[in-house]
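Next up: a single chain in structure tokens, the form predicted on its own.
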């Protein structure tokens, strides 16, 4: 039928969109490296904190986006990776690179085991089960006082050279920023690429209609276990990165509120895009710092922001940015027609599409 887009047209448009997104990521990655020359040392420290939080939020948000499953247990993988890194650093004489990898591997292994047990459980029961497991890990951490130092926390001394620098130097935000920013942007690119693979689209299809996928002959268990493990690995990476930059870890890293805050950050930023959770983390840290003098009142403000975002833009800050960009495109497309004296054809406002095709395209 004339005017109906063909498969070739759809693929061409999709590839063009992917090229623009890759170019935008490259520009953002390079521009972000210049932050130490633009903002103050204190602001850089806050930005570093936001990027680590954004990495944890990204792990939860990506899992929610690809599988539709809400996890309150990712703080366990975050904390396990941090404690495992500190334990290996103290008890084993390994190069710093292997020490960090061992910590991340422990967090990933924990996510794999939890995924094997919980991934079949649907809906809110899955969220409650991951919450219960996370709290069990927190209680176990309190009992292992000789390893975790309980509520007092653990000061960790890391030795060795990482990426040409003494690892102790990463306690300075100026020295740590290229590492933190580079890790975040690499994870963003990797998860974006994974979402566009056949496996990523299959995950979205399972999320939309698992029963139909099973009837079509596709396995639904292992793809979701792997997705949960990947998201747990990202949470473990955030925990290890936090240890490298702060040289400190405490039981609060394992507490459920760490997962809860990361989830709030992901929702505010928007889980439909891999850039949403880091964006939400920046907004959260800015609000928290701006209202630091008001005690815990910032929590009320964060709650109001969360309510407004959910009601006005369920897609988070990313959806607001997309709406603004769409409005700008419509305005620009009307201007040449007005100047040429041609009638302006109203452009329909795009409706939110929560289906797998749009999620897979990002």
Partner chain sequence: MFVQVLNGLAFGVLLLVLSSGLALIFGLRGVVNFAHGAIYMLAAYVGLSVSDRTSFWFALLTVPVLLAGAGLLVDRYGLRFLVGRSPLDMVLLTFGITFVVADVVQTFWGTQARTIDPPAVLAGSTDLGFATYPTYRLFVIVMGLLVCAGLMAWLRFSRTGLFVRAAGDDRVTSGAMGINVDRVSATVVALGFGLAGLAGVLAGPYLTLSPAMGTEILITTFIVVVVGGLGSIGGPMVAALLIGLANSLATVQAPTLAAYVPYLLMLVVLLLRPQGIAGRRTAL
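Numbering follows the first chain given and starts at 1. Source: prediction; values computed, not measured.
A second form of this protein, the form predicted in complex with its partner chain, is not displayed here; the remarks below concern that form.
Only one of 243-251, 228-236, 172-180, 119-127 places residue heavy atoms within 4.5 angstroms of its partner chain in the predicted bound form, namely 119-127. The three residues 20, 193 and 332 each lack any heavy atom within 4.5 Å of its partner chain in the predicted bound form. Although the partner is absent from this view, residue 198 stays clear of its partner chain in the predicted bound form, with no non-hydrogen atom inside 4.5 angstroms.
Though the partner is left out of this view, residue 206 does not reach within 4.5 Å of its partner chain in the predicted bound form, counting heavy atoms only.
Its partner chain is not drawn, but in the predicted bound form it has a heavy atom within 4.5 Å of residue 306. In the predicted bound form, residue 299 approaches its partner chain with a heavy atom inside 4.5 Å. Interface residue among 135, 147, 109, 98, judged by heavy atoms within 4.5 Å of its partner chain in the predicted bound form: 135. Note on contacts: among 282, 89, 275, 131, the single residue with a heavy atom within 4.5 Å of its partner chain in the predicted bound form is 131. Although its partner chain is not shown here, in the predicted bound form the stretch 161-190 places no heavy atom of any residue within 4.5 Å of it.
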